[in-house]
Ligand SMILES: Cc1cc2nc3c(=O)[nH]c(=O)nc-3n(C[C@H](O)[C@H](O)[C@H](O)COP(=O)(O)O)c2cc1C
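The form predicted on its own is given below as one chain in structure tokens.
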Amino acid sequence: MPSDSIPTITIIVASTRSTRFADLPLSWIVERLGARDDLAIEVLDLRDNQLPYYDSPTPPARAPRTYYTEAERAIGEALDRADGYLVITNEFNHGYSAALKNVLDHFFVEFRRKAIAFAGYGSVGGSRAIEQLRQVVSELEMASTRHAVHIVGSQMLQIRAEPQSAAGIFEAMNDRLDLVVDDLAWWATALQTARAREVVAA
């Protein structure tokens, strides 16, 4: 992507459960980001794009963009198009989903030197899952933003019990989401420019 074009942010939906909560924040985030003119958005839903368990014969850092299945290729190319990522993550047993870890393990250069931010949900707003993810993405040479969106258990319970309350709960978090995405767009643009310079130099 040319350095003078707006960055593409891919929203990764981590939960693969049939009854997941993720669809509600996804709708809110897509609507909010879709109204901006400083970025483009795509959605990568891991429930609809599943990989086999990681068993590649060569680590992805040593075999860049080597895809062994069509599913790998489709996800890899979607990740490659992105300049940054916003991950909507659930929290299982103080951690994040196996599907998300599987995707992170399958790829390297597609993620490398790109920005990433998080929106978590769970009893403590997905904060423990997000802290683990920060460690993992640093190994992929990614830049994670300081701020994150946290949807806590009491908010989730209220939305489940009173679906009509969802709009108001998410609206109250608009400023937080904007802060996260402002940072993400800044880092995505800066790193997009730096990667473009590398390509020109090469």
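Quick note: we count residues from 1 along the sequence shown, nothing fancier. Everything quoted here is computed from the prediction, not taken from an experiment.
This next part talks about the form predicted together with this ligand, which is not shown.
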Item to check | Contact residue in the predicted complex, from R73, R113, H94, R81 (heavy atom within 4.5 Å of this ligand) | outcome: H94
Item to check | V180: touches this ligand in the predicted complex, heavy atom cutoff 4.5 angstroms | outcome: no
Checklist entry - Could you tell me if I41 has a non-hydrogen atom within 4.5 Å of this ligand in the predicted complex? => result no
Item to check | R160 within 4.5 Å of this ligand in the predicted complex, heavy atoms | outcome: yes
Checklist entry - If you check in the predicted complex, is G122 within 4.5 Å of this ligand, heavy atoms only? => result yes
Item to check | Joint contact, S15, F21 and R128 to this ligand in the predicted complex, by non-hydrogen atom at 4.5 Å | outcome: yes
Checklist entry - Which residues within 143-159 place at least one heavy atom within 4.5 Å of this ligand in the predicted complex? => result M156
